[in-house]
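In the form predicted on its own, a lone chain appears below as structure tokens.
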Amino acid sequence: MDKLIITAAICGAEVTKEDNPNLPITAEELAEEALQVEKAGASIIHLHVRDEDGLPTQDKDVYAEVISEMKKKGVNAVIQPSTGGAAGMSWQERIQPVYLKPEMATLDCGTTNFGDDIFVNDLPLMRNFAEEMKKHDILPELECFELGHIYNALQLDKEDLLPEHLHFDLVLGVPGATAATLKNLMFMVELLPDKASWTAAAVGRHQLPIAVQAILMGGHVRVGFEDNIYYKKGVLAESNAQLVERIVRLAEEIGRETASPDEAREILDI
């Protein structure tokens, strides 16, 4: 197996400090959180940002400020801005952080029922994202919430819109989308090209069991407040680093080493 890449989704677009007061929101808080999760063992920082009112924004200048603060603190992890933003945003609004030319960014691979909302990602929109990322030599993380999303990603690959190395994020447990079960995870993995790499992410209480299965299956793992704010039932997590540290311990117990940021870049062909 490759060394384990741990992605820390440290903020998200929906969680608030009312949900967990330890949530980082300001540029300074996000930069410090990024530094701490990297020290704990994460090699990718999945990044959303908020405006002055704490609301989700895709404003390029806000992303630039946060990324600059992270670099000032010495963060070496791959910083992966989200192009998902929040439900209802236009593609032009969502794609803004791509123009900062990060090493990596997310590319959502299909429309999803997201609780009471609809998260729209049709093929023309996906092509726009893929074309812009390819133009700026950015590795897309192919976000798949459903089985059909994998086929959408493979269609983009057939159209030569994706890089040679394909990296998927299999997201399970979103209300209205694919349930977070081992059977579903295994089915999705079986659909991936042989040389593709993949990360598993799961929502809420499903985060830990799906992470453990991903470690055992040779995949990679995403944890963090975007997907889960609890350490265990009824106990709020103290930090994103606390969630990362647990994954590192579990991986070490079964003999799987954790990738450094530079080793993650090598695995992902960044």
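All figures in this text were calculated on a predicted structure; none of them were measured in a lab. All residue numbers refer to positions in the sequence shown, first residue = 1.
Omitted from view is the form predicted in complex with a small molecule, to which the following refers.
The closest non-hydrogen atom of Glu146 lies beyond 4.5 Å of the small molecule in the model of the complex. Proximity of Phe114 to the small molecule in the model of the complex falls within the 4.5 Å heavy atom cutoff. Shown alone here, Asp262 lies farther than 4.5 Å from the small molecule in the model of the complex, counting heavy atoms only. The small molecule in the model of the complex is not approached by Leu191, whose heavy atoms all lie more than 4.5 angstroms from it. Taking a 4.5 Å heavy atom cutoff to the small molecule in the model of the complex, the contact residue among Thr199, Gln96, Asn152, Ser82 is Ser82. Interface residue among Ala86, Leu161, Leu123, Leu182 relative to the small molecule in the model of the complex, by the heavy atom within 4.5 Å criterion: Ala86.
Here the chain stands by itself, but in the model of the complex one stretch of 203 to 211, 44 to 52, 236 to 244, 26 to 34, 44 to 52, has heavy atoms within 4.5 Å of the small molecule.
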